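Listed next as C-alpha cells is one chain, alone, in the form predicted alone.
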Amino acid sequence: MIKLALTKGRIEKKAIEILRQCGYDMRDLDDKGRKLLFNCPSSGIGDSLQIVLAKAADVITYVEHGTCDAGFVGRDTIMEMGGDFYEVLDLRFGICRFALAGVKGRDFYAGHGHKIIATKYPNVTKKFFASKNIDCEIIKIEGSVELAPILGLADGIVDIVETGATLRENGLEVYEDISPISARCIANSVSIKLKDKEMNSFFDNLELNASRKDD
C-alpha cells in the first residue's frame, strides 16, 4: 500500500479525478463527511492507496518525515516551505502564478526608498526582492492581503494570482509575474528506495493520466 497525503480543497477535487482515472476506487471521498483517512483499492493496476487529507503545509511535513510516501501539494507551498523530499511530477492542474501587485497606475519601482510588501509568503517574497537587490520590508498578512496597499500599509503585495479578478475588483493590478505555480507530486526519499517498484509504477500511471488531462 502507498500512503498519499492530499491537500484539502481545490487540489483535492482535481486529484480525485486523476486518481480515479488511474484506476483507484475513490467513492469514499465523494461523500467523506469529516473523515480524513481513506483506503482506496486499485482495479488490478498495482498497490492500493491510503489517502490522508491534510492542509498544504502538513502534506510536506508528512512526506518529509516519512509518515506518507508521497503527496500532492501546490508549488506555492513548496517554494515557501522547502524541505527534504523529491519533487517528482508536475500534475498540470491548479495552475496560477506568484505575482507582485499593487494599486493600479502606480510605478512600483520609482524612487530609491525601501519598499514595504505585504504577503502570506515571506520566504518567496524575500528571495524575489533579494534577486533584484531591492531593500524590502515584509509584513506577514494572514487574511485578505489585497487590503494592505489599499489602506496604505504597503507599497505592494506578493500573492497568488489566477485570473486577476480579485485584484481588478479592488483597484489593483499585477506589476510583475514572479513564478508559475501548479500542483506537484512529491515523494519521501526513503520510500522511493524501499518501495521502488510500487512507487515508480504509481508515478508512471499518474504521469500518463495527468498527460491525458491535457489532451
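Computed from a predicted structure; not experimentally measured. From 1 onward, residues are counted along the sequence shown.
Beyond the structure shown, there is the form predicted in complex with a small molecule, which is absent from this document and is the topic of what follows.
Q: Quick one: which of 155-163, 31-39, 48-56, 181-189 gets within 4.5 Å of the small molecule in the predicted complex, going by heavy atoms?
A: After filtering at 4.5 Å, what remains is 155-163.
Q: Check Glu64 for me: does it contact the small molecule in the predicted complex (non-hydrogen atoms, 4.5 angstroms)?
A: Answer no; every heavy atom of Glu64 is more than 4.5 Å from the small molecule in the predicted complex.
Q: Even though the small molecule is not shown here, does Ser144 get within 4.5 Å of it in the predicted complex, heavy atoms only?
A: Yes - in the predicted complex, heavy atoms of Ser144 and the small molecule come within 4.5 Å of each other.
Q: Does Arg10 make contact with the small molecule in the predicted complex, using a 4.5 Å heavy atom cut-off?
A: Result yes; Arg10 sits at the interface with the small molecule in the predicted complex.
Q: Taking the small molecule as it sits in the predicted complex, is Lys120 in contact with it (heavy atom to heavy atom, 4.5 Å or less)?
A: Yes, Lys120 lies within 4.5 Å of the small molecule in the predicted complex.
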